[in-house]
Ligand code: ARG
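Below you'll find only one chain, the form predicted alone, shown as structure tokens.
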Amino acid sequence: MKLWGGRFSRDRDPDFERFSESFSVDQRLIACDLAVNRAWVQELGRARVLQAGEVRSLSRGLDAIGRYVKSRPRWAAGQAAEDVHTWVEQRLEREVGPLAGKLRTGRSRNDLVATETRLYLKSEISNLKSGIRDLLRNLVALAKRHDHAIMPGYTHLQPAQPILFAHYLLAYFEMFARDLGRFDDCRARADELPMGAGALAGTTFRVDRMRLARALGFARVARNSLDVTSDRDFVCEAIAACALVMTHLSRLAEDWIIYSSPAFGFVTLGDAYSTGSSLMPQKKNPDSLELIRGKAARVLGRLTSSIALLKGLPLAYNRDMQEDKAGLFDALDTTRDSVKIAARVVATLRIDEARMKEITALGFLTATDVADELVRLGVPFSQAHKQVGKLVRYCEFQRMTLSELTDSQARKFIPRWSIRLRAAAASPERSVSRRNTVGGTSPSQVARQLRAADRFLSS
């Protein structure tokens, strides 16, 4: 059965049939297809295009298909339909007979699939947001358990300044909180109804599209039939939001791959999220994090292909758009699964506060604090920067830390060296506590950020 077969001969190339089918991908839209068709049948009845008895029969048939699908997890196995829409109509004919032919009155697969994809995306965004909120809660819980732990902060992956570990975790909280906002924006733009736009020009039947939008849970009706049947901006936007989530997850994964190595030893992954080597008995590999990092590239590739898919298409619908769903589904699935695993990695992560504190003694992380103290003594910052830089160079040559300097050694490079400067050089705790401006890493500012995070999650 073809929904378009009347104009064509039955001489079909089976290889092209296999090449062009989309049922293997769009079968996951079955619930959305049934929901949209139910609403459309009801609307055709209200518009007096279908008689009341026809509406009841078609609705019962669609409900029966829904029960059939729900009771058979492998309902799609072995089916040879061109797409899910064709399969539904074929199945409906078995339920209600020739009346099934009235199902697609006034509509096209173009406005149908656009509506179903938007419905599906809205639901999946809700699932994704739930997973991201779990990840955010776990980040906050971990930050609270280690709210006074000090670690080295890095730029260029080189030691920079001491920070609180909680401050570090809350940086990722901010990234994923922005991701939630992006999905809200994406959902809002996808929340308009294509049904009633027909193939491209609208329908001649007097359906009430506003009423149909309310029935299907859409916030508004698309204003232009030509645009909405060929619009896949919402697909690209959703994949872009997924790509940013995966980028943030990949950055976190990269950090913890590094931090879990013996050279750092800041964190230890739970055994449940690590694997070993088939050859080397001692290995504990952070494969969960590496897979997240690898899957980020996969989602980025989906984004690139989705935009490339659209860039040369003339208005309106083109069959190229069949390819959009594979990319969208894969991006949503990959992101959802990655977020779930990341949240569990966070929940089971072990932190070595002593090791992090030990490493802050290396790399001259308090050098900026010494320069700042010199500024408070009236030394221009450019001069203070130069003096401290020379002192660091000397310490590197002597293989010593700033806290190991004698006063006489320090005064060779900083004539105004004093107990006050020594205290600034030797105390990462002091360095952290003095960064007490809004958004800084001091304990009081981090406590404020944690309270804000709690409010964000509770809202």
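We number the residues from 1 along the sequence you see. The structure displayed is predicted, hence computed values, not measured ones.
The same protein also has a form predicted together with the ligand, omitted here; what follows describes it.
Visitor: Between K122, K357, K325, R91, only one gets a heavy atom within 4.5 angstroms of the ligand in the model of the complex; which residue is that?
Guide: None of the other options qualify; the answer is K325.
Visitor: Among E237, D352, E192, D83, which has any heavy atom within 4.5 Å of the ligand in the model of the complex?
Guide: Result of the distance check: D83.
Visitor: State yes or no: in the model of the complex, is some non-hydrogen atom of R109 no more than 4.5 angstroms from a non-hydrogen atom of the ligand?
Guide: Yes, contact at 4.5 Å.
Visitor: Is S442 a contact residue for the ligand in the model of the complex, using a 4.5 Å heavy atom cut-off?
Guide: Judged by the heavy-atom cut-off of 4.5 Å, S442 is well away from the ligand in the model of the complex.
Visitor: Using 4.5 Å between non-hydrogen atoms, is A166 touching the ligand in the model of the complex?
Guide: Judged by the heavy-atom cut-off of 4.5 Å, A166 is well away from the ligand in the model of the complex.
Visitor: Even though the ligand is not shown here, does R319 get within 4.5 Å of it in the model of the complex, heavy atoms only?
Guide: Heavy-atom contact with the ligand at 4.5 Å: present for R319.
Visitor: So which of 68 to 76, 311 to 319, 358 to 366, 257 to 265 is the stretch with heavy atoms within 4.5 Å of the ligand in the model of the complex?
Guide: Careful reading of the contacts points to 311 to 319.
Visitor: Heavy atoms within 4.5 Å of the ligand in the model of the complex is the criterion; list the residues of 21 to 36 that meet it.
Guide: Going through 21 to 36 in order - heavy atoms within 4.5 Å of the ligand in the model of the complex - the hits are S22, D26.
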